[in-house]
Structure formats: structure tokens, C-alpha cells
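Below, in C-alpha cells: the form predicted on its own, a single chain.
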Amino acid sequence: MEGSFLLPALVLVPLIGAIITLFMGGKRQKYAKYTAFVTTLVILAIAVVLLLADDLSAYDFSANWIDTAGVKMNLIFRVDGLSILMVFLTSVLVPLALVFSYKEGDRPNYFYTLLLAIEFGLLGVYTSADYFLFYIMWEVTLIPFYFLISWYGGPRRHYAAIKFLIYTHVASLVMLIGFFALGFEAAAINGAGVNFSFDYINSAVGGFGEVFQTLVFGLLFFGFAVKMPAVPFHTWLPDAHTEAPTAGSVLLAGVMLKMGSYGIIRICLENLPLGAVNWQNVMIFIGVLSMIYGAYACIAQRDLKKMVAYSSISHMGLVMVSMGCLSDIGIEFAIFQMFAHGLISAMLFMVCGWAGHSVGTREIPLLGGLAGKLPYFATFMMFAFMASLGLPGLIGFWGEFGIVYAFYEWMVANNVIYLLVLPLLSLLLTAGYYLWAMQRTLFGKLTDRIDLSKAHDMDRIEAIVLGALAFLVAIYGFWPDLALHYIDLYAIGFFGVI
């Protein structure tokens, strides 16, 4: 056992908090949210310490876990320029989602336990440096989210929860096959026992044959693409988002979808460069298809939350395209877009979820003229919509601009410049469905199709939560180097071998 204990603490604190909160039943339920909130603040404090560190490698931790029958699995935790922003994003969104849900009165100790359990799994995924540990943490995120939908979701919650579990679990089993292939092939090349640590398998990358890389890349890519999700593996997402409680949607869009793109970068691209070259056109095709289809599907939606769900498919399609460019700038802005979309989508699902609870419906045709009656709600909705469509000065602009530039470089290199119309079409459709939804929901004559006599604007706590997210969206939009500084450490020179 060696290294700093800060990263193990980062992962274990939410687990300890979840166990404590779980047993706060009966009369103690009213204190569950405070216990959970304090736990998330401790996690956020640790994440900030990491964010401000001069040398992230100083916090690496490693310990033997299982070493038997020639197979070694390890407890290895580390952060770098790829994972630090995902750790910070997770540590920010969980307490904000928790506070935004402070009115939850149905078995609140279970509700907050599930949120902390999800955070435990997410932080484990983003800090693991062993494939077997990575897989366990990946599976850990699925179980509490299934119960979060099934217990606290909408009318079709059981269907959505089962669909979510089937899609993501089947994909993760395929991914596990890829992990075993990497482990056993690395052992054969190194002439030693099977070791699932990232470093051990990375040391054998040069010996992986092209056929092996291409086949295993396909297995891993499938597992991660379902999680993003990419078309045509996307159908579980709109149902999960529509039926999940607001906090669940915030974490699903904000950080859980990024597990897929994180896995592609961390595992597929790092370890299987020849496979990446052979799968490049497929990645770009699926990415373009996802961003166009997702944007087009948004226009047809009547439910605000489902519209935002399809917009996530479109924006993660941009990430797929950027990764598929196989360039340093492509990987850099793919990571930046992951971070940007996490902040923006959290705002989007909060305002859409709030509309369903407080106004009584999320159906766009039933709404109208709400800006005059609900000014706080209207302000945050407009801000989130503008950020998501890429308004200059907000964080979404830099992610989309960088990805389009990376795609342009790839098109020039491959003499297919005419494909530039595709990302531009996606951005045009994005502006169209957001402006259309905003016009129908906030402006014009106040709706008389629903009873607004009891409708009230956001309270102070809800406004503070959204204000905190709006601040981050604005500050990173004004000063993107706050995030790019970390990404540069990881992305520059990443594709030098390809």
C-alpha cells in the first residue's frame, strides 16, 4: 500500500454517508437531507483540493486487492487532466441536485442514500486505475439509479427503470469481455500473470496486433457507446429522463452519460490506437448521426424534459465526432464539451423538472406566457437554453466551436469539406428547437389551458442552486482556460502515435 489516502477518502466518504443516511428512518428521516448534504460538502472540499493541486500525481494511491491463481486485481486510484474535471463536476452536481430536491418527503432517507450511492460509483469510475475496479464501480452506478427511477419516478417508472437496466447492463457485460481480452493478451505479451492495472496493460499496447485491437475496440466501443448514448443505442435515455425524478435526471445527463465518452478516451483510444484508426469512420458516422437525429427529434417533442433528453443525445454526438477526429484538438474539446454539457444539462433538467412539479405540466402546447407570472423560472430557462445552443460568452460556445474546428481539420485532411454542412445543420436545428420551445413556453398570451392559480415562482433555495450553476456556466464561458488548463496536460500529444 502506498500513496496519498485523499483519493480513497474521496471515494469512500459518499459510501459511508450513504450507509448512515440509510438507517435514518422513522423520526430521524427529517435529518437525512442534512446528513447527506454535509457528506457531499466534504466530497466537494476534497475535489477542490485536488483541483488546486500543483501535481495531481502526488495523490496517486495503490494497494494489492486480489492476488491469486496468477490473477492480480488492484485498488489503484488516480486523477489526471481527463478525470479531474469529471471528479469536480460530480462533486458539484450531487450537492446541488440534493439541495434542489430538499422538498422530497417520500422516504427521504432512501432518496438521499441512493444519490450518495450514485456519487460513490461515479467517483470510483473516474478515479479507478484498474480495469476490474473500474468495472465494479461502473456497475455500482447502475443499481441505485435503477431504484431511484423505480421508486421515485413518474407513471411509467418501472418500464423506464427496467429498460435502463437491461440496456446498460448488457452493454457493460460486453465491455467486461473486452477487459478480460486486454488482461489476458497483456499477460501473454509480458510473459507474466494476469494483472488488470491500467499501467500493466498500457505497457503491452505495443504488442497488441491490429486484428486484436480492432475486435476488442469494437467490444469496448459498444459498451461505452450505449452509455453515452449514441444512436442507435439511445432509446433507453428519453424514457429514463422522462420518468426519473429531477435529481436523477441531473446526475444522469450531467455525469453518468460522460462515463461512456470517458471510457472511450481512457480505454479504447489509450490502449487500442490501431483499432481506433480502423473504427474512425464508424465513430464519426455514429457521432454525426446522433447529433443530427437528436436535434431533429427535439423539434417533434411536446414534453420539455423529453426534448432536453434528445438534446443530450445530440450534444454527446458532438463529443463522439470530436473523439473520432483522432487529433489532439479533437480530444481536448471532446473533454471540454463533456464538462460543459454536464453543467448546462443540469440547469436544463432542473428548470424542466421544476415546471412539471410547480406548474403542473411539462407539455409545451399547454404552456405559454409564463415569463410574466414566473420571472425567476423564465430567466433561468432562457439562460440554460442560450447556453445549450452555444451563445458566445457561455461555456457551451467553446465546446461546440472547438469541436467544429477539429472536425473541419479532419475534413480538410480527408478532402471531404462538404461534410461541414452537417455540424452546421445540427447547430441550426439546436437553435431552432430551443427558440421555438422558449417562445411557446414563456412568451405570448398567458395560457388558460391549465390552472395557474396555485403556481408560484422558484423559491430562494431553488434560485440559489440554479444561480450557482449559471455562475459556473458564465465563468467558464468567459474564461475557458480554467478548464482547458487541466485538459492540456492530458490531451496535448495524445495522438502522437496514430
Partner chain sequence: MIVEYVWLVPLIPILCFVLVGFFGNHMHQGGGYLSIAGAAASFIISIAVSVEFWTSAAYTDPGYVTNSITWFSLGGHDVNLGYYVDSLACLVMLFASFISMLIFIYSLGYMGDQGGRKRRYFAEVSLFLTGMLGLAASSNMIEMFVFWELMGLCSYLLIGFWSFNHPEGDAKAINAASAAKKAFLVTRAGDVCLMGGMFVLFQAMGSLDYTVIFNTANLNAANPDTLFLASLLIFGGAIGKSAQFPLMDWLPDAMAGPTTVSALIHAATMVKAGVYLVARCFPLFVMNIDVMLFVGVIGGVTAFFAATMAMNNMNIKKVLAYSTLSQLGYMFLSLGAGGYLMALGMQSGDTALMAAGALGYTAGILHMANHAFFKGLLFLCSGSVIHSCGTEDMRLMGGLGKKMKITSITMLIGSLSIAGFPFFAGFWSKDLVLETALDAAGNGACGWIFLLLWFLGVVTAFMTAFYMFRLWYMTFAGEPRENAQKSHGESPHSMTIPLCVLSCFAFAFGFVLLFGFDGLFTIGLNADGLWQVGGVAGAGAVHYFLELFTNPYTYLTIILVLGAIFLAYLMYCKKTVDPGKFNKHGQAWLYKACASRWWLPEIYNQVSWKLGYGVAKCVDFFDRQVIDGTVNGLSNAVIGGGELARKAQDGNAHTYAGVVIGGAVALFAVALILFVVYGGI
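Positions refer to the first chain, counted from 1. This one's a predicted model, so the numbers in the text were calculated from it and none came from an experiment.
Keep in mind that the form predicted in complex with its partner chain is missing from the display, and what follows is about it.
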{"item": "Partner-proximal stretch of 428-436, 61-69, 39-47, 24-32 relative to its partner chain in the predicted complex, 4.5 angstroms, heavy atom", "value": "428-436"}
{"item": "Pro8, Leu51 and Phe100 each touching its partner chain in the predicted complex (heavy atom, 4.5 Å)", "value": "no"}
{"item": "Leu75, Ala204, Ile143, Ile162 - the one with a heavy atom within 4.5 Å of its partner chain in the predicted complex", "value": "Ile162"}
{"item": "Answer option from Cys352, Leu257, Val359, Val216, heavy atom within 4.5 Å of its partner chain in the predicted complex", "value": "Val216"}
{"item": "Its partner chain contact at Thr235 in the predicted complex, heavy atom, 4.5 Å", "value": "yes"}
{"item": "Partner contact for Met386 in the predicted complex: its partner chain, 4.5 angstroms, heavy atom", "value": "yes"}
{"item": "Partner proximity in the predicted complex: Pro245 to its partner chain, non-hydrogen atom cutoff 4.5 Å", "value": "no"}
{"item": "Its partner chain contact in the predicted complex: Phe471, any heavy atom under 4.5 Å", "value": "no"}
{"item": "Residues from 398-431 in contact with its partner chain (non-hydrogen atom within 4.5 Å) in the predicted complex", "value": "Trp398, Glu400, Phe401, Gly402, Val404, Tyr405, Tyr408, Glu409, Val412, Ile417, Leu420, Leu424, Leu427, Leu428, Ala431"}
